[in-house]
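Below, in C-alpha cells: the form predicted alone, a single chain.
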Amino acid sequence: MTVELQNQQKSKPLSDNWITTFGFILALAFLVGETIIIAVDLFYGTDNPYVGILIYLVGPAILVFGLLLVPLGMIWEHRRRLRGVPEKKLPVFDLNNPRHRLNLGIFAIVTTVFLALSMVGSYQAYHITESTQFCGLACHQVMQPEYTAYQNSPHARVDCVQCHIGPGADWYVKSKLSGVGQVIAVLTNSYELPIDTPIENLRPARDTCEQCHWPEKFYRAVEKSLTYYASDEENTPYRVDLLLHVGGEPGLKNPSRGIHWHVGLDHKLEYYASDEDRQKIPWIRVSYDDGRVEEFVDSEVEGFDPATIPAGKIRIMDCIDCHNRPSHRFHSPFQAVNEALEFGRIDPKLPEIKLNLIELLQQDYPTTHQALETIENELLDKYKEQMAEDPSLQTTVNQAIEETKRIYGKNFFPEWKVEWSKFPWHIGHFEFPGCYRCHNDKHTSVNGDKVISNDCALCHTIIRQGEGWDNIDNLEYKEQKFLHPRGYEDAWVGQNCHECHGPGMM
C-alpha cells in the first residue's frame, strides 16, 4: 500500500463504510418513526394490538439492530485497513479535536434519547404483552373462541392476566416459560382443536379469584329466579324461584351448610379425578383442622384402590373446580334461547320458536358462514305462511333471526371445532354432572358410616314454582319440593337432570 493511500485512509473516519452507513440510516429512520408513533400513541392511544407490537416490540428490535451495525461496521473497516498497514494501531479518539468532540456530543444525545425511548418502549411492551387484546387477538389468535366468550362473560372488564397469572414476579415468569410450548405449537401449527381444558398449571384460585371474592364475604343465601320455556307451540314458560345456600362464612353455628363450605377455611378438601375433564371423581378426602380425616370412595367404581392414585394427581379443591369456566363459557342452545326469550330479544309469541331455534342451533355446520345462512333461510321458510297472513310478523321474525345468529356466533365455532357440549360446565347439574360428580349417594366413607348425599336441599330450597304467564305472578311463596313441568312431576326422581338435558338429549 502506498504512503499516499495510507494517508488518505487515515484522513477518513472509520464510519466511512457501507455497513455503518446502512446502520445509521436504519436506526435514524426507525428512531424518527418510533418517536412520531409513540407520541401519537401516548396522546391519542390505540386499541389495535398489532400497532402496539409494531411500536414496542418490532420497532425497538430494528433500532437496536441498526445501532449495532454502526460499531460493527467501524470494526470491520478498521480491520480492513489494518491488513494493509504494517504497524497495527487502534483508532485514536482525541477530545482536543473539535470534530471528535462534535461526534461525541451527537452520539451522547442520540444514545440518551434512544435509552429514554427504550425505557418507555420496554414499559409499554410489557403492558402490550399483558393486554387482553394481545392475548385474545394477536399472540393467541388460536384462542378466538375463548376471547369471544370472555367478551360476553361477567369478567369482561377483568384483564386475562389477572386470572391466568395474578400478582407477583414468580408466576409471571412461570406463565411465560409455560407459554413457550404454546407459542411453538402455534408457530408450527401443531396444536390440537379444540384447545384442551382444564389448564393443568393454572395458578390456585386463592391467589387470583380471592383477590375479589373471599370466604369472609360470602352470603348465607341468595334468591334466584329461573324461567324455562317449553318446546311447545305456545313456548309455555315455567318459573322456578329458589334460595341458593351460598354459605361458607367462618363463625356460623352450622358452617357445614352451604355451597362454599367446599372451600372453607377450617378444612382442606382433596379429590382425584380419573379423567382429564374431571367429570369422574372416584375418591375424596376431607382433612379438618382438629385432626379428623374422612375419605370417601365411589362404591360403583369396581376394584378402585386409593393407594393406586398416581403421584401428583390429587387436587386440592378450590373455586375453579365448580366455577371452571367463569369467563369462557359456551352456552347450550337451550340456555341461550331461554335467556333470549326471557329478556325479550326473541318474541315468545312466535309459534314453536323455542323448538325451531334449538333444532337449527344443534345442527352440524362446516363453516360459520353456512350456519348463519341456513339459520336465516330456514326461519324465513318456517314462518313465511304466518308472515303472508300477518305482515307485521316480518319484523319479529327478522329480530329472531338476528338474535339466533348472535347466539351461534358467541357459542359455536366450527372452524375451531368448538361448541358447548365439548366444554363441561360444573356449576349446577342441569346439562353436565356438575355437583353430581360427588353428590350422587354413591361416595361412601371408608368405614361405611357416611355417604355424600345428593339431597337438593343441601344447596338450594325451592320457594315458588309454576307454569303459564297468567299464573306466575300469583304463585305462593313457600318451601316445597321440585315438581317437573309438562306433567312429569315426580317422574324424574331417580335420574339426574343432565341425563335428559345434557348434550345430544335436548
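None of the values given here were measured: they were computed from a predicted structure. From 1 onward, residues are counted along the sequence shown.
Here the subject shifts to the form predicted together with ligand HEC, a form of this protein not shown in this document.
Please run the contact check for E146 against ligand HEC in the predicted bound form: heavy atoms, 4.5 angstroms, yes or no?
The answer is yes: E146 has a heavy atom within 4.5 Å of ligand HEC.
Though only this chain appears here, would H78 touch ligand HEC in the predicted bound form if you measure heavy atom gaps against 4.5 Å?
Looking in the predicted bound form, residue contacts with ligand HEC do not include H78, since no heavy atom lies within 4.5 Å.
Looking at the partner-bound form in the predicted bound form, is I195 within 4.5 Å of ligand HEC by any heavy atom?
Result yes; I195 sits at the interface with ligand HEC in the predicted bound form.
State yes or no: in the predicted bound form, is some non-hydrogen atom of L226 no more than 4.5 angstroms from a non-hydrogen atom of ligand HEC?
Yes, L226 sits close enough to ligand HEC in the predicted bound form that at least one of its heavy atoms falls within 4.5 Å.
Answer yes or no: in the predicted bound form, does ligand HEC come within 4.5 Å of a heavy atom in every one of P348, W420 and R464?
Contact check failed for every one of P348, W420 and R464.
Name the residue from E403, E378, E342, E294 that puts a heavy atom within 4.5 Å of ligand HEC in the predicted bound form.
Looking at E403, E378, E342, E294 one by one, just E294 meets the 4.5 Å heavy-atom criterion.
Just one of A336, I353, V263, L361 has a heavy atom within 4.5 Å of ligand HEC in the predicted bound form. Which one?
Contact residue from the list: V263.
Partner absent here, but in the predicted bound form, which of 270-278, 409-417, 70-78, 395-403 has residues with a heavy atom within 4.5 Å of ligand HEC?
Looking at the other structure, the answer is 270-278.
Using a 4.5 Å heavy atom cutoff, which residues in 196-212 contact ligand HEC in the predicted bound form? It's fine if the answer is none.
The stretch 196-212, when checked against ligand HEC in the predicted bound form, contributes D196, T197, P198, I199, L202, T208, C209, E210, C212 at the 4.5 Å heavy-atom cut-off.
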